[in-house]
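A single chain, nothing else alongside it, follows as structure tokens in the form predicted alone.
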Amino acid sequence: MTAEAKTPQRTKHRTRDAEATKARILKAALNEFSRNGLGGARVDVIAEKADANKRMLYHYFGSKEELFQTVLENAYIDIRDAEQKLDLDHLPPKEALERLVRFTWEYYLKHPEFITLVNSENLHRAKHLKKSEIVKIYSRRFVSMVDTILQRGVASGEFRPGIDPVQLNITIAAIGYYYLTNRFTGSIIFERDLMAKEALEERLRFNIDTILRLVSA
């Protein structure tokens, strides 16, 4: 085999190695940022857990801030992609909205790292999201999806007109987000285990009922 023939194979191998290294760094960074926030996360810990070194990390992502932005963008893209896969346009409006509320609640439970990343970004006044065009694109698509559900519900007579899809989305997120971010203090204040299986099931029913009553005609 000539040197010319070997070169493309070596290039492909290096590309695969680079992509694998970046994936390991992103996975380790997600864990470190979600545990300690942007301020408390350490680059050397991320590099060690990724079986890489800091030089490689900076080569691929530029800085700790840029790495955090990439992790944050990926987190938002993940939930927005999952929402689109619900295929809500093929469901009756009320059923579609119920499925969205259920999905949001279950996503927060399965992905606590998303909540902690958002908390960290709010502490930094969304300075990373401000620079992210891709998150804006995905968010506009999501708002459009919710708006379509509302419009179909108005047309069928199930939903009242004039509901802002952005306000509705904030409310759907808030009734799950607040419960989970305050689960420790809430369990003490209200003298009940807010994370018990029965409590979580009761909360989901309450969330669905609240949202459907809010939009009903």
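For every residue, the number given is its place in the sequence shown, counted from 1. The structure presented is a predicted model; accordingly, all values stated were derived computationally and were not measured.
Not on display, but discussed next: the form predicted in complex with a further copy of the same chain.
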Picking from His90, Lys110, Lys130, Lys85, the single residue whose non-hydrogen atoms come within 4.5 angstroms of a further copy of the same chain in the predicted complex is Lys130
With the partner omitted here, the residue among Ser63, Thr148, Ser156, Gln167 that in the predicted complex has a heavy atom within 4.5 Å of a further copy of the same chain is Gln167
| query | Quick one: does Phe103 come within 4.5 Å of a further copy of the same chain in the predicted complex, counting heavy atoms only? | reply | no
Might Lys22 be said to contact a further copy of the same chain in the predicted complex, defining contact as any heavy atom within 4.5 Å? no
Quiz prompt | Contact flag, Asn53 vs a further copy of the same chain in the predicted complex, heavy atom cut 4.5 Å | solution = no
| task | Consider Leu123 of the chain shown here, and say whether it contacts a further copy of the same chain in the predicted complex, taking contact as heavy atoms within 4.5 Å. | result | yes
Only one of 45-53, 181-189, 63-71, 23-31 has residues with a heavy atom within 4.5 Å of a further copy of the same chain in the predicted complex, and that stretch is 181-189
Contact check, 69-97 vs a further copy of the same chain in the predicted complex, heavy atom within 4.5 Å, ordered by sequence, gives Tyr76, Arg80
